[in-house]
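In the block that follows, a single chain appears as structure tokens, in the form predicted on its own.
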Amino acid sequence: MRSPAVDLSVPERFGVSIRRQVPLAPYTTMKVGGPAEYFAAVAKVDQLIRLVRWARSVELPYYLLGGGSNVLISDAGLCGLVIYNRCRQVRIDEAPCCVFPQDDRPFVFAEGGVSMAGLARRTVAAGLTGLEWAVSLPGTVGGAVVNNAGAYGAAVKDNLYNAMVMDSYGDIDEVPADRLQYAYRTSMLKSQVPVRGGFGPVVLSANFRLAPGDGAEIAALAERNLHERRHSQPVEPSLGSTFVNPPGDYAGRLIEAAGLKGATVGGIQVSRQHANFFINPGGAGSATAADVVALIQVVQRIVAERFGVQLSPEVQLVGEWPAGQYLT
């Protein structure tokens, strides 16, 4: 399936260059996946808005790519336009007195392409508490808002004030956090994000509200989180957490108890360090997206047979997938 022919000179008028057949593996944390039919990187929000609106006007499906974690791009790649979001402005503002009379928590503004880990480190340095859990989180603010990313018992929903979202009709609105229908690792936006190119909503930026605190204590907590992640999670290319934790248990514990640490399919391996991480030890070119799906299916089957628990993938499949390579 191919997208309609389009005039690529139009985006160049507002400073965006579009390339064809760009390999996407380097843009993902797992280092697998095929090419984008069309590919463009944007560094300014106004360019992102204009590019999305142009794509809609010519019926060219699009997909927003941020940090490339928790997404698995098929070996066949992705039809349509992949937009690599590099909009990375951050601003820390004093809270206006008219918002909440008793609340002096500053607003922390971040565009969708900002690294969550980088944002967390900036807020820690500013003596603000609330994002210490994210100091080593892969991915971007846009993806974190969509997926309600979290760690160490905290998540995006805890401190998000609102998100600037361009909806499926091209309208832009500040959406309060309580309208995003947050639940464990999901949101209203996630259900609308297409796993193929489409015309779904786009997170342009987010406003967090963080509390001032003791700078030394905040920095110490962030350092403990960073130290724990470095010592408990693999450094090799991975998706991040492969499965969501089932109620009352941990996916990694079940996988380890099933004797699956070190299990491999093709070039993909269940990490011996943390069983809920599947790694690509050889890096780019040594494994395929099909290997990842096959290993996920093997682990699901064995864990279900031994413990009666059906593990649900946290990863989202993106692109064109043949029959038999879908995940449940």
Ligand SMILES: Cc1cc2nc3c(=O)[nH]c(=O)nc-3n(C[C@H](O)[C@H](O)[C@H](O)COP(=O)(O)OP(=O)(O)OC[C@H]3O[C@@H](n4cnc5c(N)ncnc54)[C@H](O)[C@@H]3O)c2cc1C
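When you see a residue number, it is the position in the sequence shown, counting from 1. Just so we're clear, the structure is a prediction, and the values are computed from it rather than from any experiment.
If you look for the form predicted together with the ligand, you will not find it shown, but the lines that follow are about it.
A.B. asks: Is every one of L65, V71 and G240 in contact with the ligand in the predicted bound form, taking contact as a heavy atom within 4.5 Å?
C.D. replies: All of them do, each having a heavy atom within 4.5 Å of the partner.
A.B. asks: In the predicted bound form, does R229 come within 4.5 Å of the ligand, counting heavy atoms only?
C.D. replies: Although the ligand is absent here, R229 would touch it in the predicted bound form, with heavy atoms inside 4.5 Å.
A.B. asks: Does the ligand get within 4.5 angstroms of any non-hydrogen atom of A76 in the predicted bound form?
C.D. replies: So A76 does not count as contacting the ligand.
A.B. asks: Would you check, heavy atoms only and a 4.5 Å threshold, whether G150 touches the ligand in the predicted bound form?
C.D. replies: Although the ligand is absent here, G150 would touch it in the predicted bound form, with heavy atoms inside 4.5 Å.
A.B. asks: For T29, is any heavy atom within 4.5 Å of the ligand in the predicted bound form, or not?
C.D. replies: Yes, T29 lies within 4.5 Å of the ligand in the predicted bound form.
A.B. asks: Please identify the residue among N225, Q233, N159, N162 with any heavy atom within 4.5 Å of the ligand in the predicted bound form.
C.D. replies: Residue within 4.5 Å of the partner: Q233.
A.B. asks: Ok, P106, G80, P201, G130: which has a heavy atom sitting within 4.5 Å of the ligand in the predicted bound form?
C.D. replies: Comparing distances to the ligand in the predicted bound form, the residue within 4.5 Å is P201.
A.B. asks: Which single stretch, out of 209-217, 131-139, 167-175, 243-251, brings residue heavy atoms within 4.5 Å of the ligand in the predicted bound form?
C.D. replies: It is 131-139 that comes within 4.5 Å of the partner.
A.B. asks: For 296-321: residues with a non-hydrogen atom within 4.5 angstroms of the ligand in the predicted bound form?
C.D. replies: The stretch touches the partner through E314, Q316.
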